[in-house]
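This document starts with one chain, in the form predicted on its own, laid out as structure tokens.
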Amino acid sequence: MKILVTVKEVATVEDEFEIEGTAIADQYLGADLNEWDDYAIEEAVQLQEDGIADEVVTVTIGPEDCEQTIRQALAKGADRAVRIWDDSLEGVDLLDVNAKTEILSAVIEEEDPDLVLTGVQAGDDSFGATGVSVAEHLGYQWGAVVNHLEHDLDDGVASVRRELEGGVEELTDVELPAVLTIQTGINEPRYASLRGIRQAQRKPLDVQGLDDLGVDDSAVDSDLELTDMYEPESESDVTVWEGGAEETAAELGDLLRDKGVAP
């Protein structure tokens, strides 16, 4: 059984930053593996450790600079990685869901996995739609916002628990091949060991362009345009008291009485 996990490098931002045009200035940015993808990787590696999966493959869309971040997945147990990049992607500010779907679907068709795991969303664009869109494009069954997966996968069926609105959870069976979008909290992602980090540098990382996948350059064209970026104003209605416990407790009591909360 082969599992494919989609992963992404996302930007991290310092508490204090400056915006230049429609981007945060580079000096305030770092990079890390997308949080939701980390849980998807852990779930795939656990399935391999349980003897369910024979191979775990990760795929990402990104430039060469992101390889060290993506190798975190290899250091945590994935067997190999595929990175997709192309000159036509260089100037794209915002890769929309349709473009990601075209590219990732082409890789999945080539790899032919039994199970595809994605994070519920990415920490930067937060579209939260790519996994389901890929499943629909490929004609796979899917389960979104999965917070528990039974690891036996009997008879080619994934038994999952998924979060719905209002704190409701749904238990359902999904026939393979399928795409599951993984929620944080489904497991406890492991730290990459020193040995794993060393091994990751020797694991295969294949780089492919759009032509290699049979994807036309027009797939990256988007109806979305990033027109502005700004830090939203925040309004605070916080009362802060200074002094000892007795004094501040009395002030809190007066405030609660004024608000009609206390008698």
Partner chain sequence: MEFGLTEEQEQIREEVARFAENEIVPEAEKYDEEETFPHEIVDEAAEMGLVGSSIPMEYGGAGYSTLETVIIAEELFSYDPGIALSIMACSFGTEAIEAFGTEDQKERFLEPVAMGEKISGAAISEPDTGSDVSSVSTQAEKDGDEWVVNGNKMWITNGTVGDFFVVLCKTNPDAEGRYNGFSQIVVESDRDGFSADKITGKMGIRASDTAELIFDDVRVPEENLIGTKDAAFMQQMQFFDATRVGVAAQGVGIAKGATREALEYAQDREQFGKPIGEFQAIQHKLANMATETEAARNLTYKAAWHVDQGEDITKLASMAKEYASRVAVDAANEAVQIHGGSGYVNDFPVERFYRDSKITQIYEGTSEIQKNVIARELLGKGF
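Note that the coordinates shown come from a computational prediction; the quantities given were computed from them, not determined experimentally. Numbering follows the first chain given and starts at 1.
Another form exists, predicted together with the partner chain; not displayed. Remarks below refer to it.
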* Asked: Which one of these stretches, 40-48, 55-63, 190-198, 209-217, sits within 4.5 Å of the partner chain in the predicted bound form when only heavy atoms are counted?
  -> 190-198
* Asked: Is T130 close enough to touch the partner chain in the predicted bound form, meaning at least one heavy atom pair within 4.5 Å?
  -> no
* Asked: Is K100 close enough to the partner chain in the predicted bound form to count, meaning some heavy atom within 4.5 Å?
  -> no
* To do: Please run the contact check for A144 against the partner chain in the predicted bound form: heavy atoms, 4.5 angstroms, yes or no?
  => no
* To do: Classify Q68 as contacting or not contacting the partner chain in the predicted bound form by the rule of any non-hydrogen atom within 4.5 angstroms, answering yes or no.
  => yes
* Structure fact -> Among A122, A75, L176, L95, just one has a heavy atom within 4.5 Å of the partner chain in the predicted bound form, namely A75
* Structure fact -> Contacts from 10-35 to the partner chain in the predicted bound form (any heavy atom within 4.5 Å), listed N to C, are D32
